[in-house]
Structures are given as C-alpha cells and as structure tokens.
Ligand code: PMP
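Before any questions on binding or motion, here is one chain by itself as structure tokens, the form predicted alone.
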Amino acid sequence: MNQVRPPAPQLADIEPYDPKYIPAKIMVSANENSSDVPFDIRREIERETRKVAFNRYPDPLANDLRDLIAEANGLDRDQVIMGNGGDELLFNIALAWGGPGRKFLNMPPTFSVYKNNAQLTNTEIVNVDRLADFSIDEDAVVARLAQGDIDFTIVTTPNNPSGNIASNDFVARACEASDALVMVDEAYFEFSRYTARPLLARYENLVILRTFSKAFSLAGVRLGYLLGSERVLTEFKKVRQPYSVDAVSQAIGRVVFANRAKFEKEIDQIIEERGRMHDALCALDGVEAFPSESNYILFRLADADAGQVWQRLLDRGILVRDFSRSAGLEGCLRVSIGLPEENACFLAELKAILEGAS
C-alpha cells in the first residue's frame, strides 16, 4: 500500500488561507503595527520571561491575564477566555456553534477565515451581502436572523478589509432578532475607539473578540481573547485546545496589557497617518479610497489593473494586499498604515506607477 485515503470531503473545495506573506522592504499588507514593542516594555518582558519554567505546562486558562483583562472591562474572570490569537477563537465558535445541520450567517465581503471555518466544520453558510459601500445590509441581516434557524453570526467592526464600523444599534438589533450567538470581531477596535462592550450586560448571546496582534504590536506572539457571559464561554472551554496559550505568551501578554496606555501615542499616530493617507489616495486620478476606522485603507483602481499594480509595487519593495480577484472587491488593493516614511514611499511609488500606466 503506497497511497493514502482521501481526507475529509469538506476539504475538497477549500483554498488554504494565504496571507501572501512575501518579504519586502516595506511590509504594509497584513495590518500589523509597523512599530515594535517599546524598548522599556521589552526589557520588562525579558525579566518576566526569565521566570517562566519551560519544563512545566502553562496555566491552561491563563488566569492571571484573564484577571487583568476582566478588571479593565468591569467583568469577572469567568467572562474572559484566552486564545492562541483571535484565529483559535474564530475556529472555536464554528466548532461550538456550527457543525452538520447548523447555519452561519456571513456578511461578505469580510474576513475570509469565517467562511473557511464554517466549511471545515460542515456548517451551512448563509450569505447576506454587504451594500456597494461595504456597509451591512442591516434590515436584511435582521430579517434573516429573525427566521430563527441561524446558529451564529460574526459582525466585524471595523470590517476587514473595508475598514467601516457596525453600529451598536445594529448589534443590539441582531442580538434581539433571535437566539443566535452574535460574535462582534473587534480586532481593530483600538483604532476606531468604538466597542460593543456596553451591550454585554444586556445580551447573553453576544461575545466580543479582541486581539493583541494589532494595536499592541504582538502579531508574532499569537494572543487573543473573548468577552462574554460565563455560560457561553464555558462552551468555548469545551472545544479549545489544552494549553493553547503558552507560558511565554502569557507572560508577554501580562506585561503588555499592564502597559497598554504606553501604546496610545503610536495608536494616535496611526489614526493621524490614516487620515493623511486617505486624503492622498483620493487625490490620485483613478483611485477610489474607502473611509476607514482601522489601521488600513481599501482602495479601488478604476483605470489600471490592480494585480499588475500590486506586482509593480512589490518589484519596488512594497508589499500591499491584493483583493482584486475576490468577489465584491474587484479592482481593490488594501494598504496597512505604516510608519510616516513608509507611507510616503508607498504613495510616491503608487503615484509613479499609475502615472506611467496612464
């Protein structure tokens, strides 16, 4: 026997998630914080990680870190659960609330991992497409939830890749429309400063996802968390991987969260740069830049092949994200907000490419 039997049938039509990670001089494709963790915090991290016993398993629930997050949000420890990045928690909602015979309501175009997770767990996907400006078709979503057969949905705010937010009024309507679990993905909320956190006390069927990867410069550490009711988060505990958050990540997370106020200056700079970038993109002929409340901007090219522009930027050492062949995002590229000098270089090179093309 020199062959292996086929994998699970639901894998047949799934394309592996590919973030197009290609080393480049200027990396503005993955919505990372271009500034690393400040030196004084890194020194404190070094002191804390020296205390970690590598031969022992970590606290399986990261209770010390949960306590810090719970206190900051006015919650109890049992209303917080940690994950190996937000990605583990996104998969866990599909494990716990999805499966054969169950339905996930998706609002594309949005983060493609939601769809992939549903497919992996044999969950039926019900799409309610966003409007032309990438806002949620709120009445259509609420009406579909009200039919009573949806098991969970994910509201991304700010949405990835478009950058627009969903209002708390809409989130409340979604929670009231049915008993479906509503996850609000707030991976980028520090850049919008808008959160559904005030709604948690009113709706048991609401959970909020956050991450350390973006505003806190820890994309390489893999650390995310959920806020929600104790009863709902108990179900997440049933499907999570044992010891999924390692001891080193827990130590780093404790230090960074305790020092989170020190990241505000960089967050303010990103928000300021975002405004300048948006105005500069809008000033370019043939470019439609969409308003963003996150640390990235989606823009559409009207008169140039977006795929070719992406390649020409990469040839010049600048990596952005190409969405031009994705449904609903035709002709679109997304650029993360980098350091001021990175943003200036990107804008200059994009302008030169577009003027050459014309």
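The first residue of the shown sequence is 1; numbering continues from there. Computed from a predicted model, the values in this text were never measured in an experiment.
Below, we turn to the form predicted in complex with this ligand, even though it does not appear here.
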**Prompt:** Using a 4.5 Å cut on heavy atoms, which of N73, S192, N160, N116 is close to this ligand in the predicted complex?
**Reply:** N160
**Asked** Here the chain is shown alone; which of S213, N92, T153, S249 has a heavy atom within 4.5 Å of this ligand in the predicted complex?
**Response** S213
**Message:** With the partner left out here, check for me: in the predicted complex, does some heavy atom of P108 sit within 4.5 Å of this ligand?
**Reply:** no
**Asked** Should Y188 be classed as touching this ligand in the predicted complex when contacts are defined as heavy atoms within 4.5 Å?
**Response** yes
**Asked** Does R144 make contact with this ligand in the predicted complex, using a 4.5 Å heavy atom cut-off?
**Response** no
**Request:** Find out whether any non-hydrogen atom of L233 is located within 4.5 angstroms of this ligand in the predicted complex, and reply yes or no.
**Result:** no
**Stretch in contact in the predicted complex with this ligand, which is absent here, among 79 to 87, 92 to 100, 197 to 205, 173 to 181 (heavy atoms within 4.5 Å)** = 79 to 87
